[in-house]
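Here's a solo chain for you in structure tokens, the form predicted on its own.
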């Protein structure tokens, strides 16, 4: 098959692109490189640097494409609070531009990567796709608005659409920005380097952490699965893990005893998150294969940033 991946140089996009080319598919990638790394992509990926709002460029890239994976987005929740206009322009405007271009060229299916963040705080767990969304950040609002645009434009122009609400994905190669880094790679880096682990709140808040390989396998299934048009589907591990539990697991897999600092002044976000995977099992045959402990170990094994450096031989006496 021929695929276009927007946001191809990002964490999920690069893992997806590299897997698809290994399986013999033709993959075109688009990314503005605001956070992505083109070095993460296989040489077989036909990569173009560009903006997802550039419709003439999209028209060119979409020629003969069977399915689009739309991952291009700004994704830092705290940043979205400061710059909601920019998040709307990229996450919502870019989605509309892509759907218009797909309509113009005649591409028949899109898999949109949304986020479990759209649910916000909910009284009932695990989170079912029928729950009424209650987004708590401009980032979450932008993802929810993009879901509606994808479904509505798809209905109007006969484009098959599916939105995957991915929960807290992690794994080797995840971007580690200097401010507001994702919790798992940040905790692993700090533990391995002998730093402190800083928790926001009291650590009782829970998240659903899903290993990148499980997410990629599900995205691939969504490209060809029958009878999924218009659906919104959760992708997670189906397990609820508190930050306190994550801290203990990180210390176990790294073999460290790290100082833990609780910053109760910082907003820890929603109190609980856990994905209901019933629909994913029914329509995509989804079954997560990696426990959190296994995923953490694989992240350390595969990511050179988490390898313990050898002793500096130049400091040893002869």
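Residue numbers count along the first chain shown, from 1. None of the values given here were measured: they were computed from a predicted structure.
The next section is about a form of this same protein that is not shown, the form predicted in complex with a small molecule.
(message) Whether residue 139 contacts the small molecule in the predicted bound form should be assessed with a 4.5 Å heavy atom distance threshold; does it?
(response) Residue 139 belongs to the contact set for the small molecule.
(request) Flag residue 107 as yes or no: does it have a non-hydrogen atom within 4.5 angstroms of any non-hydrogen atom of the small molecule in the predicted bound form? (result) Contact check for residue 107: no, nothing within 4.5 Å of the small molecule in the predicted bound form.
(message) in the predicted bound form, does residue 32 come within 4.5 Å of the small molecule, counting heavy atoms only?
(response) Flag for residue 32 set to yes.
(request) Although the small molecule is absent from this view, report whether residue 115 comes within 4.5 Å of it in the predicted bound form, heavy atoms only. (result) Contact check for residue 115: yes, within 4.5 Å of the small molecule in the predicted bound form.
(request) Go through 280-288, 59-67, 46-54, 259-267 and give me the stretch that gets within 4.5 Å of the small molecule in the predicted bound form, heavy atoms only. (result) In short, 46-54.
(message) Between 150, 228, 166, 188, only one gets a heavy atom within 4.5 angstroms of the small molecule in the predicted bound form; which residue is that?
(response) Checked against the cut-off, the match is 166.
(request) Counting non-hydrogen atoms within 4.5 angstroms of the small molecule in the predicted bound form, say which of 216, 75, 232, 197 makes the cut. (result) It is 75.
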